[in-house]
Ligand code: ATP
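Single chain ahead, written as structure tokens, the form predicted on its own.
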């Protein structure tokens, strides 16, 4: 029997947010049969190079992107926090906020999942949440001994079983992501080319208004370029 409505979230830089992020979140919401999936933009990410724009801009764009989607929500907890954006800190804060009985589920890509031993306090994650690792169909699951044993020990076979406890399970879910990347979008903008249709229109308008990612108003004639 399910304990209570699960809290499912996807973290990331969302630099900028695009239709690939949004479609993944929506498909997860439908597959897991939860009311909402929450997106948590990072403040100052610690596992990658600095984002192309400020945390506040990335947060604003994410909020614009989900403004008409009741099944998706954006949480500002990492952007608002004065601490670095370590997942361990975010999970502890969420557990304090949501209580000990509510299921919490962290969604991540397969590459991130396989790199977990490099993350701060990763061994504490399953005492705080469940983990869903999203893999492309036909993905060859190649894990080192540590992650192979970790997955085998904690893997859960069904969504129903997942929600019977507040934390402690791992699921690998195959999903076909849209072939869109934030890097691709940033490169297009810096080259004076339009990224329209790769992201929500309101996000593209925000980028132009605030001249992010190298956008220069004088270089553009129209979005037909």
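Numbering follows the first chain given and starts at 1. Being a predicted model, the structure only gives us computed values, none of them experimental. For the two forms, the rigid core is made up of the largest set of C-alpha atoms that agree within 1.5 Å on superposition.
What comes next is about the form predicted together with the named molecule, which does not appear here.
Heavy atoms within 4.5 Å of the named molecule in the predicted complex: does residue 111 have any?
Yes, residue 111 lies within 4.5 Å of the named molecule in the predicted complex.
Would you please decide whether residue 180 lies within 4.5 angstroms of the named molecule in the predicted complex, comparing each non-hydrogen atom pair?
Contact with the named molecule, yes.
State yes or no: in the predicted complex, is some non-hydrogen atom of residue 152 no more than 4.5 angstroms from a non-hydrogen atom of the named molecule?
Answer no; every heavy atom of residue 152 is more than 4.5 Å from the named molecule in the predicted complex.
Quick one: is residue 129 in contact with the named molecule in the predicted complex, heavy atoms, 4.5 Å cut-off?
Taking the distances in the predicted complex, the answer for residue 129 is no, it never comes within 4.5 Å of the named molecule.
Stretch in contact in the predicted complex with the named molecule, which is absent here, among 96 to 104, 81 to 89, 135 to 143, 121 to 129 (heavy atoms within 4.5 Å)
Among the listed stretches, the partner-contacting one is 135 to 143.
Taking heavy atoms and a 4.5 Å limit, what residues of 14 to 32 are near the named molecule in the predicted complex?
Read in sequence order, the residues that approach the named molecule (within 4.5 Å, in the predicted complex) are 14, 18, 20, 21, 24.
By the 2 angstroms cut-off, has the C-alpha of residue 139 moved between the shown form and the other one once the rigid core is superposed?
Yes, shifts by 2 Å or more.
Residue pair residue 137, residue 162 - Cα distance in the predicted complex, closer or farther (3 Å or more)
So the answer is farther.
Where do residue 137 and residue 163 end up in the predicted complex, Cα atoms closer or farther than shown, with a change of 3 Å or more?
They are farther apart; the C-alpha distance rises by 3 Å or more in the predicted complex.
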